[in-house]
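Next up is one chain by itself, shown in structure tokens, the form predicted alone.
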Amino acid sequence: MSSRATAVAPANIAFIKYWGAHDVERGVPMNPSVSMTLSRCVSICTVEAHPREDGRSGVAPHGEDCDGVGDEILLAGPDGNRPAPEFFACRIRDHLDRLRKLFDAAVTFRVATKNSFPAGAGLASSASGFAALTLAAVRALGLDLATDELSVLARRSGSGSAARSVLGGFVELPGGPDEGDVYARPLAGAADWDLRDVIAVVASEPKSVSSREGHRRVVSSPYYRERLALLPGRLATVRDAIERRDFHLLGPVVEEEGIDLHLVAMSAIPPIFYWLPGTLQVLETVRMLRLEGIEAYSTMDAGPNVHVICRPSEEASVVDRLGQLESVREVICDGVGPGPRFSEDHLL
């Protein structure tokens, strides 16, 4: 008998970035990271588990292509479901193989997934997508796991940030190399501090260099070790700011950390340039807002789009100014959210 589950998991924006990995394939970060779970930028994933008649686990033999297990991977859209591109489907099948092997599950899967925001554009769609896939697949298998176990499973998809998207509010993920300790921990709940994230989308197309490839390259930057040396102080400041709900303390460090990620990327061998002209225009606008007395700070993940962190009282001013920029295609208003949930509105 088949079973079905649908999970809705949010993206997150990192205040301290996971950048560089001990193990890229298993998502084991080089350094700790701290993030704010979002509310409106979500991935929705429905998973159906179907028993195999032959009783085999369905895991592809070693060396065989990932499409050999019989899973069906679909992208959900307004006109119905359609087959996912192979590069995308392959990563999903790899993760499903991992879960089948771990739980000795003699099943094949049907998966349908969609996002409420642009995918592959540096807005943490992998984090929300693999968190949703993990939660839905585990429930479809009839399992009830603790949050730390779900965090580990989401991370093992290869998206380390997915480990943080299984929790709401403000979250910390330790660094490696001891993989057993690398699961997300809560720092504060969504109701504890109402912050807003105004996202200036300057490009919605998938970025040319994936985050996974970025993790591999950045360790070649001559500034990478310098960044790691600065992180303990930044981490302490961000934790303190979250505990005290001190936006004056949080904002400058968040902006500094966002710039630093791209400094290291640009100085990697070969270099990675995520910024576009519109990125620079948004960054300059945020600086101008502060000069005018509107306290807002920018940060970016591995992509050209800019997250502007502010308090609720200043959100409307930030939205208005960013919406006037010619280079901004879309402004997404988001904020701290409570974390994943399950839904009865299935995509299959």
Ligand code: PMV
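The numbering used is simple: start at 1 and walk along the sequence shown. A quick note: this is a predicted structure, and the numbers were derived from the prediction, not measured.
Separately, the form predicted together with the ligand exists; it is not shown, and the next lines address it.
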message: Test of understanding: in the model of the complex, would Ala302 fall inside 4.5 Å of the ligand by heavy atoms?
response: yes
query: Is there a heavy atom of Lys114 no more than 4.5 Å from a heavy atom of the ligand in the model of the complex?
result: no
- prompt: Looking in the model of the complex, any heavy atom of Val201 within 4.5 Å of the ligand?
  reply: no
query: Any of the heavy atoms of Arg239 lying within 4.5 Å of the ligand in the model of the complex?
result: no
Which of 79 to 87, 216 to 224, 159 to 167, 241 to 249 lines the interface with the ligand in the model of the complex (heavy atom within 4.5 Å): 159 to 167
- prompt: Only one of Val182, Val171, Leu153, Leu261 has a non-hydrogen atom within 4.5 angstroms of the ligand in the model of the complex; which is it?
  reply: Leu261
